[in-house]
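Below sits a lone chain in structure tokens, taken as the form predicted alone.
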């Protein structure tokens, strides 16, 4: 954002600050040592997360690779690289990064990554045990949020809500983007169980604490849709999709426009989503395989295509969500293939 334009939200201000710090740290020959390289990489990764930009995440991963090549397997750099791998669903690579850093595998950070991989690979008891131990040992908001997510998708929803509340309470005033994210996840949990008012309250708290977070705006779009306020939901989804360039948000905008009866607009956003998914695959990425399976199952009702993408995803991440997607695609394919659904 040009310096002459005032930052409109908390997120905008932080994005500007991070961009300035990145520019300063990349001046000249760049970082002089591994500590400085870690700070640069952390700024890059934080900015990618806060902006939601897929291109920014790719750029952050490239910076991490360059700094690791330059300074070797510094543990903090290895941890950051592992987190980037996780965001891109690169599970073996995440484990390799943790193994490369001296002492990292046995640290809380390294064990958290291992547990995240176990969850993605369907090793549920291993993941649960690791999350329980980390939450008990550290009491950190991120450990509590990881355990909350596990309970939300595979355990006790009531416990998940309490754990999210505990995670939010553990966050300091210097970590408001994290607070907004946790409240967004609480909203998602409430919405999954039909508690629309509670979901809206979580989004309201998030926006009051930290404005402009794209993930919160996404959750708020889902809440507005559940409230029947489709015009507001569409506006939020379109804003998020345009700002971040994330194809899954274009997909959401298309779905909401379809619900509103705006067929041409829905098709335009859905085509944009598909182009983004396929671009990612062409680059060798795998994080959008499950979205492709969902797209062909729900937008195109093309069971054979959905089955191909779902099978690829399940081969990499054999867990509850990919199993459900595979079953859904298989059922659709078994009904006789393509039965086009108009938006």
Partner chain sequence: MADHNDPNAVNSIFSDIDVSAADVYDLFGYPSPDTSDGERVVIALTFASVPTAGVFDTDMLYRLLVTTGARVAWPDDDWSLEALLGYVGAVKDKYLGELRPAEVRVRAGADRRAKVDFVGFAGGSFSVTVELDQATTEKAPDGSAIRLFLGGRDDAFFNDLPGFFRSINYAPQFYHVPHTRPDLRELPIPKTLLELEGNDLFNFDPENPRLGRGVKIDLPPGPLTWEGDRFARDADGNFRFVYSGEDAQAGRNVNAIVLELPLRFLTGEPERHRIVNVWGESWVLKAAHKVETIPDHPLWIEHPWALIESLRLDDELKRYKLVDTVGQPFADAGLSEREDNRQLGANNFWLAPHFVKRLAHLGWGFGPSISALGLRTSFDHDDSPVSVHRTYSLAATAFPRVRRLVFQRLNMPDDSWNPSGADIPLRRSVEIFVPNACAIDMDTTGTWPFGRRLEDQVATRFLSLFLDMEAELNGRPYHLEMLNDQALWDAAPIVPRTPPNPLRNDVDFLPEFPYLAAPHA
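The model shown is predicted, which means the values in this text are computed figures rather than measured ones. Residue numbers count along the first chain shown, from 1.
Form predicted together with the partner chain: not shown, discussed below.
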* Asked: Judged by heavy atoms and a 4.5 Å cut-off, are 24, 61 and 211 together in contact with the partner chain in the model of the complex?
  -> no
* Looking at 191, 86, 160, 130, which has any heavy atom no more than 4.5 Å from the partner chain in the model of the complex? -> 86
* Asked: Ok, 90, 185, 238, 151: which has a heavy atom sitting within 4.5 Å of the partner chain in the model of the complex?
  -> 185
* Asked: So, in the model of the complex, is residue 67 in contact with the partner chain at a 4.5 angstroms heavy atom limit?
  -> no
* Is residue 118 close enough to touch the partner chain in the model of the complex, meaning at least one heavy atom pair within 4.5 Å? -> no
* Although the partner chain is absent from this view, report whether residue 171 comes within 4.5 Å of it in the model of the complex, heavy atoms only. => yes
* Asked: Should residue 35 be counted as a contact of the partner chain in the model of the complex, where contact means heavy atoms within 4.5 Å?
  -> yes
* Residue stretch of 69-77, 260-268, 121-129, 225-233 approaching the partner chain in the model of the complex, non-hydrogen atom distance within 4.5 Å -> 69-77
* Asked: Which residues from 120-153 come close to the partner chain in the model of the complex, meaning a heavy atom within 4.5 Å?
  -> 120, 141, 142, 145, 146, 149
